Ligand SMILES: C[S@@+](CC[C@H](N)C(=O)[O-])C[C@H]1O[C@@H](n2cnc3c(N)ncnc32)[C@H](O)[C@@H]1O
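Here you get one chain, nothing else, as structure tokens; it is the form predicted alone.
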């Protein structure tokens, strides 16, 4: 290096010498061993909602987004633009331009409500789907949930060379000699922020990948997560395999990064082989689901069950009610009555007849579940005939009997707690059967999504680290077809969990659909174009349909979920809000003119409890009791505001430019979480850019 610096001293041009010294200094700090890759130009994101005006940085809608211009003037809807690099002048119609944000510029995001689905009206738990470039969405999540996320699960583009992902709005294919380093740059930027989201003690990052980038990814994770324990799971996704004249590949990988206090809980399923070893014997729902589940299908299986709700036991089983008679839901001698009511409120039927059910009750083979607000009745489960045969054969053993109710406790005879292995083989992980085929049955074969994960593979991957945390916050910023949200909903159904999922996906249109839309005269940003993007065309429809239990045409879904014996047509008790990420003008935010737009952001920051509220008129204060947060918009009204704050409020936002005023007001609420607007919001994103 000394010789190089001696040679540099001979360079007469000071500016050139300074640039050379800078580059040599940077090269001297490059790792001599480990993963080395090119640091490519920052990515860009189109801002279709931002109007083009003088001074805007823009690109052509149908061109390369990294080919940027600056707008000098606009006359008669034609912009005079100068190329950012060549400085060449060009006249371009405004309708052909889109504003562009370069990564590294300060951005001030907000969330525009698009839609919502509510299938659990009595629950205050709401999930979130955000349509956005995931880099800027991650910046928003850093403001909202820094060090609060329990698990991040991502299924990023695999960089197979088959145009399966974009970089700066261009598809990257196998002919691009820099495709590996572009992919690593792309991933590194996102993983750096992802790490800031994870709980530093117990957080877990899960990244799925195949053989194309698995080794580079592992080295990248080693560099970015040096203090984490990193382990890789191999799991079979396609038993039939994929061959190109050599070995037939059947597996993919999930790389786990564990924070120092994060562990996998030993359980009853080692996840290797098809043998079911679970100690937890499943109790089957007495309410019939799926085909032939209406009252008319088996009239003799519609009878009342009377219970002691305090003890949780059946006290009497009535006879089948004649079909022409309507059921009476009134209690008898103080005992509530249970009739087979389906999730849609219609009358169904039980799975066994009254006499058989009485025998089950006498043996202690019946459990009374919790009260179901939606059906206005209680759940009832029993040990199926198959399980009873296993008790007789000794494969299932009765380990105890409740002294008050007589209800048995059972488990498999040959099972014991085992550590989950690092090689998984389960039929339910088949990506064809429980990924592609499941999505096709929900949203139709014409809405294709390439290589979706099995919902059960995703569920098992996440459940292995959040099984004991029923309130976990889970993030997926490569949401794609929406498998993670589907899996979390099913997971909560398994154990009555309240895990919350935040999913992020772009609204990218496939290459073939883009070509067809361009031929029809549509451009990116047009309503017709956006309607075919992943978020609008795949992710959200799948989310809505799986929650409601019906396909895209409103027809009830067929079949049952493998792990719950729950009919797909029953849907999943879940509430989800759908937003699109947008960007605000810094000056209007600082002046307090964007509170209406920021309400969804504040709702998320307060825990996304209850349906996201909205405001229409400017007020001095807002008390959102259902959502457990409040906003003081005018500090002169603090006394009145203080009188209105109830014990239900957990988070308060104070709008004030005075740091001293904020400290004085927040000191009255030391037992609550408080934030200062708008400086807290603005400074956060300035810091992100500086960092």
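Positions refer to the first chain, counted from 1. This structure is a prediction, so every number in the text was calculated from the model and none was measured.
Only in words, not in the display: the form predicted together with this ligand, which the text now covers.
A residue is said to contact a partner when one of its heavy atoms sits within 4.5 Å of a partner heavy atom; residue 460 fails this definition for this ligand in the predicted bound form, lying far away. The closest heavy atom approach of residue 428 to this ligand in the predicted bound form falls outside 4.5 Å. At the 4.5 Å threshold, heavy atoms of residue 378 stay clear of this ligand in the predicted bound form, well away from it. Shown alone here, residue 451 lies within 4.5 Å of this ligand in the predicted bound form, counting heavy atoms only.
Heavy atoms within 4.5 Å of this ligand in the predicted bound form map, among the stretches 378-386, 505-513, 243-251, 545-553, onto 505-513 alone. Though this ligand is absent from this view, in the predicted bound form it lies within 4.5 Å of a heavy atom of just one residue from 269, 570, 213, 133, which is 133. The listed set 421, 84, 190, 148 contains one residue whose heavy atoms approach this ligand in the predicted bound form to within 4.5 Å, identified as 190. Counting a residue when any of its non-hydrogen atoms is within 4.5 Å of this ligand in the predicted bound form, the hits in 140-157 run 155, 156, 157.
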